[in-house]
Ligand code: IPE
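Only one chain is shown below, in structure tokens, and it's the form predicted on its own.
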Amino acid sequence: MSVASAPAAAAGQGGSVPRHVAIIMDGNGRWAKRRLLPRIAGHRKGIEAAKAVVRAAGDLGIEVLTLYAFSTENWRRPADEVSDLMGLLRKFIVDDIDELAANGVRLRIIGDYQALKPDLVKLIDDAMARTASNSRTTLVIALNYGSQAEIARAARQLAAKVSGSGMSLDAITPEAIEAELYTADIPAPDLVIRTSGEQRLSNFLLWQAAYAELMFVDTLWPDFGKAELAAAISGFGERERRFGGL
């Protein structure tokens, strides 16, 4: 959690590996457009990049890797593109769960994924259950996720506790809010990377990234791999993190 983990993260200076890296995977469409290919080709290549980065995360000693796969705003995209994205997600789970399990990867989903089609929800639940005891790397996929909606959900849950169980208003602390977030048992991100040159968070981990280092790289997501991740980690190690102190 961001408040609680800040002092521990501050201790890791001088070439340290971030405990938690979160990535906004951007640029699939532009990658395809530059090659005169349909957008789905970019998304397919993006899935391959995601697989490579998951493998690299374990090799590089990253404990938690969060990938922003589908936002609450992405429903505004054309229906055929949304369908293609959900199909790729389904294929990823079916085809790659064996590799994730064998490599010690624990799968977690954050976001309102239960609003998806029942068969996909079952695939996700089964995959999370199968990998629940793995500990080498935690792969967090943000799916049907929006940070503002997540914070509003936490506020509703705390309001229900105040009205229903007599929780004191004074008990609504930053720690209490964090305990109601999807990421309650996940350390705050140390490094947030966005590919493709765009420089915004796009409703991603707004609370959790309060003290994260932000890194914006020009590489389009389908071209992002182990070398690019290692370079980002190297850049992270050169930064001084003070968490509001001197």
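Numbering starts at 1 and follows the sequence shown. All figures in this text were calculated on a predicted structure; none of them were measured in a lab.
Omitted here: the form predicted in complex with the ligand. The next part is about that form.
Checking Ala69, Leu181, Ile62, Ala212 for any heavy atom within 4.5 Å of the ligand in the predicted complex turns up a single hit: Ala69.
Of the candidate stretches 69-77, 151-159, 113-121, 168-176, only 69-77 contains residues with a heavy atom within 4.5 Å of the ligand in the predicted complex.
Though the partner is left out of this view, Ala127 does not reach within 4.5 Å of the ligand in the predicted complex, counting heavy atoms only.
By the criterion of a heavy atom within 4.5 Å, Gln208 is excluded from the residues contacting the ligand in the predicted complex.
Residue contact with the ligand in the predicted complex: Ala101 places no heavy atom within 4.5 Å of it. Although the partner is absent from this view, Arg200 contacts the ligand in the predicted complex, with a non-hydrogen atom inside 4.5 angstroms. Contacts to the ligand in the predicted complex (heavy atom within 4.5 Å) from stretch 36-62: Arg39, His43.
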